[in-house]
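Next up: a single chain in structure tokens, the form predicted alone.
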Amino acid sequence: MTDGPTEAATKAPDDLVIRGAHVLDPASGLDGVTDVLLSSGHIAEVGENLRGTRHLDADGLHLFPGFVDVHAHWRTPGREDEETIETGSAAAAAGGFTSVVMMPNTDPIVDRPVVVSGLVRRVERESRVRAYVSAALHEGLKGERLTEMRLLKEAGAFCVSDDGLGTQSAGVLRNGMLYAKTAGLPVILHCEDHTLATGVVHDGVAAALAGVPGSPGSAEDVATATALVLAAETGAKVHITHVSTALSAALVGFFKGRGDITADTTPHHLTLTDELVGMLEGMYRVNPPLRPDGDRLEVGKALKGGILDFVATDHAPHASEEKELPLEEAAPGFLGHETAFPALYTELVKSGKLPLSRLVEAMACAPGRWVASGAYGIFAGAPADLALVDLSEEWTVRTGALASRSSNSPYLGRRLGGRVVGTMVGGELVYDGMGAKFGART
């Protein structure tokens, strides 16, 4: 007999030790093989030879903090034929994402408290991952009358955004930033000047050769400059999304430290170029458009140097009949959740252009801190939001293997290295790509 409870009795029933993974967390400085003990939805301990009621053998795998996507379209409400909360969150989980911010350009627009509260309730019932609701910055995303942001926050909105259309009036944008600041809401901005953005692809050599109308990079740059000036002036928490040009990246760098300003770019703007428009396929239409290689390289350097803080996917599902059209008529947007890490690992990390630690920082730690407004990573007391990745696995992107309800991935048919094999949210395995079997403690 013993004088007190046994070690096993003091452990919670859901204790789980992830054994032997290469743990990489730039935020906490972890970079090596170790064990991670999970208990009651949180990380209880990180160290060697840990014991729990169950174990998962992760030998040969990498363990990262769960990826966080601050920009995704799950098409709910209104276009559930393209994506639902269930399928969108399944795609996110399959890509290693444990938290996602949902954009408001749905049908109806998420611009009223009743829509926000209804969406929050649906997320609680249907999402496999943590999902945050972005409400619209202005009513109907028309760029005119601001939404009632305090009421939207009370209904459960995490932030406000003008994504999909942008804000054409600097006066409206400035007032929106001021209102959002008083309401305690971050602002995510789609920077695009519609008086310049009159085409469907980047206005360059590829567009001219293809005979397709283009929009100049200045359509993004002018709007980005306006947004950054106003963000610095108002002090609002402003995030510039899907930066795609060299000049916009440089502008973000200039304004760093002049306000509460962050910015992201996307996997497709880091790995693809406007040469694809020569195929004249609707699949390759996206907004902002794919840019020339010079922009792609400079945006990549800005990400590597920390000028651009995050990678965000701009996951944008579309029905096949909307993408199987001529380039000028197709709906703009790509799937992003499931291919984000593999595409960037293959094109940037394996080629030596970006350290793996910086990619993990940009996909997990930095956006995680932004969403959580605090520390995010693999350390005792943190939520057990984790991604297990097999860096040695190679796989071909195929429609039938995608969890999304749509199939408009620009990487279809491509062979990518690195694959997410397990995703945990609050210690619960929400994606199992390895047939995980939890061993009992002996």
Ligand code: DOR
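Bear in mind the structure is a predicted one, so any value in this text is a computation, not a measurement. All residue numbers are counted from 1 along the displayed sequence.
Not on display, but discussed next: the form predicted in complex with the named molecule.
Visitor: Partner absent here, but in the predicted complex, which of 67 to 75, 290 to 298, 107 to 115, 273 to 281 has residues with a heavy atom within 4.5 Å of the named molecule?
Guide: Residues of 67 to 75 come within 4.5 Å of the partner.
Visitor: Using a 4.5 Å heavy atom cut-off, are Asp25, Pro355 and Glu361 all in contact with the named molecule in the predicted complex?
Guide: Checking in the predicted complex: none of Asp25, Pro355 and Glu361 is within 4.5 Å of the named molecule.
Visitor: Find out whether any non-hydrogen atom of Glu338 is located within 4.5 angstroms of the named molecule in the predicted complex, and reply yes or no.
Guide: Output for Glu338 is no: heavy atoms all beyond 4.5 Å of the named molecule.
Visitor: Looking at the partner-bound form in the predicted complex, is Asp264 within 4.5 Å of the named molecule by any heavy atom?
Guide: Flag for Asp264 set to no.
Visitor: Look up in the predicted complex whether Asp163 has a non-hydrogen atom within 4.5 angstroms of the named molecule, and give yes or no.
Guide: Although the named molecule is absent here, Asp163 would touch it in the predicted complex, with heavy atoms inside 4.5 Å.
Visitor: Classify His202 as contacting or not contacting the named molecule in the predicted complex by the rule of any non-hydrogen atom within 4.5 angstroms, answering yes or no.
Guide: No.
Visitor: Under a 4.5 angstroms heavy atom criterion, identify the one residue in Leu303, Ala135, Ala93, Val286 near the named molecule in the predicted complex.
Guide: None of the others qualify; the residue that does is Val286.
Visitor: Would you kindly say which of Gly259, Pro186, Pro332, Gly156 lies with a heavy atom within 4.5 Å of the named molecule in the predicted complex?
Guide: Selected residue: Pro332.
Visitor: Can you tell me which bits of 219 to 250 touch the named molecule in the predicted complex, meaning any heavy atom within 4.5 Å?
Guide: Stretch hits: a single one, His242.
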